[in-house]
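Only one chain is shown below, in structure tokens, and it's the form predicted alone.
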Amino acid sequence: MTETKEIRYQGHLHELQKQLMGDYYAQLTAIATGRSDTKNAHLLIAGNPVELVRAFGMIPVFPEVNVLQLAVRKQSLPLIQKAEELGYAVDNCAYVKADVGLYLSGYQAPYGTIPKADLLLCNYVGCNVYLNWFEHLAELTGAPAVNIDIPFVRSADGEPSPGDVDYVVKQLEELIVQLENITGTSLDMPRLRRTVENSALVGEMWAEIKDLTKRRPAPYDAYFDSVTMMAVLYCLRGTDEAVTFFEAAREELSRRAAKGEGPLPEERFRVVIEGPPPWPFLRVFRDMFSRWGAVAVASTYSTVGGIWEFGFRHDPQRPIESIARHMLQYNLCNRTFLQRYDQMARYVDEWSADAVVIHSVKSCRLFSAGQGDMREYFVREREVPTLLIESDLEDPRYFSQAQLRNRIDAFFEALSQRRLTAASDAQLAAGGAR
């Protein structure tokens, strides 16, 4: 174990991200305070058709991004408790409770004011809570709600059937009519193609950036540092600003990779992390890994908004069909657990990881159910050292710092010993061979 300097979130990339996100929330605040008549739609991150919303000049609002920022600022608990006073159970999704609490508090957040939705656009991709979340928001706010039903991928190869694609395309065509009614404008197909092309460019650069962590050392942490890029990827996808940001990110991180620079003084362990981070304790959680020289080289969480690293790109020549395929097929939350196993196994093999860390989220049963079996699979079937730990992504009451630190310390102590034993065995074998 090595003591490391505190990770500092600075540099051109972080400053550019802060500027872009500040501008984004300034737009939302202008709408909420009546200084802008731009329409907005509230969407969920996993598998959404944001390109269609952008093509109509509407601004997307992401409740998940809003509430995770409250958690990072340690302001989520009073909002969670406000929702619980209404009758939400303690083990309900903490994102939902924080968002409901935020609405009941006048949508006033430290980073801006959230406008009431002109459209609640629920993209149902495997999480039944999504449906209830937006139904409750519709009841509370009186905003119109639309649900796009995305069938689970049911084939072994992960390929949706032509019928599934057509089913989603038809729903998107119905959505276009609703967006036309809300905005009073017709769909501008050239504008939609430009938006989809921007998403394709961002997807290409994001995939290239992810590929950089195959190097030793990885030039950035693919879990903790990825969240900086994920904010822009999700909130600004389809825009020129997102393209400019990812050009800068690719340049900066490629330069670090070429120089052999990593996020830590020494990269001792390369890990794959599964599950969302505990946002209220993000820095503390990161330090638990950094002190062991552990760097995440890949993470499933960085794919909740889409999977681009294995080849998918939006297609401006077939914009609506490619949006549908993104929602159906290249979306982590719409995949089976076996497909998630395969995704993580590819990370372990192709990104040369030493271990898997599973962060199970107490209030997210969709993402966490089955992670015990996942751990058994990687330990017994793949012989990959795997750690399963639990806290929550939003609710600080479920974070036990001492307990988590003990579990993580014990895991990396065992990994260190395993490495020493393997080196000793190899030395003995070499001696015997002579």
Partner chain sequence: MTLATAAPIEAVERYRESVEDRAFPTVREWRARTGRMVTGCFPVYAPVELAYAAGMLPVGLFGAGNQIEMAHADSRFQSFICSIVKSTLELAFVDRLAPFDALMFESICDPARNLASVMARNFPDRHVTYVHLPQNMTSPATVDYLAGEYRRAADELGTVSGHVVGTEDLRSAIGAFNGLRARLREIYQLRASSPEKISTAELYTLARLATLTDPADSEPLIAESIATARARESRPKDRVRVVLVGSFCEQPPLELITAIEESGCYILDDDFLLGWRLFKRDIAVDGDPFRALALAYLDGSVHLSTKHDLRQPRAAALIASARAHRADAVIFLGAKFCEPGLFDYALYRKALEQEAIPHLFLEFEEKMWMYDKIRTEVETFVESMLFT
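Source: prediction; values computed, not measured. Positions refer to the first chain, counted from 1.
Another form, the form predicted in complex with the partner chain, is not on view; read the next lines as being about it.
- Contact here is defined as any heavy atom lying within 4.5 Å of the partner chain in the model of the complex, and by that definition each of 154, 167 and 390 is a contact residue.
- Note that among 22 to 30, 369 to 377, 53 to 61, 40 to 48, the stretch whose heavy atoms approach the partner chain to within 4.5 Å in the model of the complex is 369 to 377.
- Listed residues 89, 284, 189, 258 were compared with the partner chain in the model of the complex; 89 is the one with a heavy atom within 4.5 Å.
- Though the partner chain is absent from this view, in the model of the complex it lies within 4.5 Å of a heavy atom of just one residue from 150, 304, 109, 209, which is 150.
- Proximity of residue 174 to the partner chain in the model of the complex: non-hydrogen atoms within 4.5 Å are present.
- Contact annotation for residue 337: at least one heavy atom lies within 4.5 Å of the partner chain in the model of the complex.
- Put simply, residue 81 is far from the partner chain in the model of the complex: not one heavy atom of it is within 4.5 Å.
- Although the partner is absent here, residue 350 sits far enough away that none of its heavy atoms falls within 4.5 Å of the partner chain in the model of the complex.
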